[in-house]
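Taking the form predicted on its own, here's one chain by itself in structure tokens.
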């Protein structure tokens, strides 16, 4: 077994198989779905019968992911490429989805800029990028899907948070403090706003994820993530802190473990659950 295979299989024993068919006839939009957790969420809901729209900024990777997932699951996929934080882009995504599938049942706000570094090292440009890709994309997507959900009196919105906002992890001021932390506040307030409109809004916060176990290791070659966003010294310190945390299971999650929780909130079964936040983090943070 080579080093790459070892890295990709370290959480394989914890993979969660799909055993439900809750999304027959339904349409699910997943942002940031060209790779990692988003790709696994998209596959999970497709395996349960959904038609899926995957959104990302990387055209080659998004198109490839849509084609591969369609082949693997036998379900229809639509690839939408664009920066959802920019004005009008989320509206175009909704328009294309309605033209192709005629409805939107679920929105999963997974897209994020995974930037982990000391706040003092952020340039002005990177500050703006972090807020755009961790806050504005989710706001614009929620606003864009709400009219059709309100009209149909049905909708599921699932925001992907992250446990670092409540554990005080260093180097997460923009990613968790501003970005993922805001997902929790948005979840609660938007849930209250849509309480009588047949729409539920909930939040799932992962801890560490084995994102390389997304089922498409070749696709990482197409990634455009800037390595400077996660400097080695910051990542080494985060790894040290993770190993020393006493109340965790001592491992990172397989992405299917997180996708299973997302699928529940995204499904018709979550009809009486709204404004809730759940950590899927192996005990990294507890109530």
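Numbering follows the first chain given and starts at 1. A quick note: this is a predicted structure, and the numbers were derived from the prediction, not measured.
The following text describes the form predicted in complex with a small molecule, which does not appear among the structures shown.
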* Taking heavy atoms only, is residue 35 within 4.5 angstroms of the small molecule in the predicted complex? -> yes
* To do: Find out whether any non-hydrogen atom of residue 97 is located within 4.5 angstroms of the small molecule in the predicted complex, and reply yes or no.
  => no
* Does residue 114 reach the small molecule in the predicted complex if we count a contact as any heavy atom within 4.5 Å? -> yes
* Asked: Using heavy atoms and a 4.5 Å limit, would one call residue 133 a contact residue for the small molecule in the predicted complex?
  -> yes
* Within 4.5 Å of the small molecule in the predicted complex, all of 158, 190 and 202 (non-hydrogen atom) -> no
* Asked: in the predicted complex, which of 204 to 212, 144 to 152, 98 to 106, 67 to 75 comes within 4.5 Å of the small molecule (heavy atoms)?
  -> 204 to 212
* To do: Let me know the one among 174, 84, 79, 169 whose heavy atoms come within 4.5 Å of the small molecule in the predicted complex, would you?
  => 84
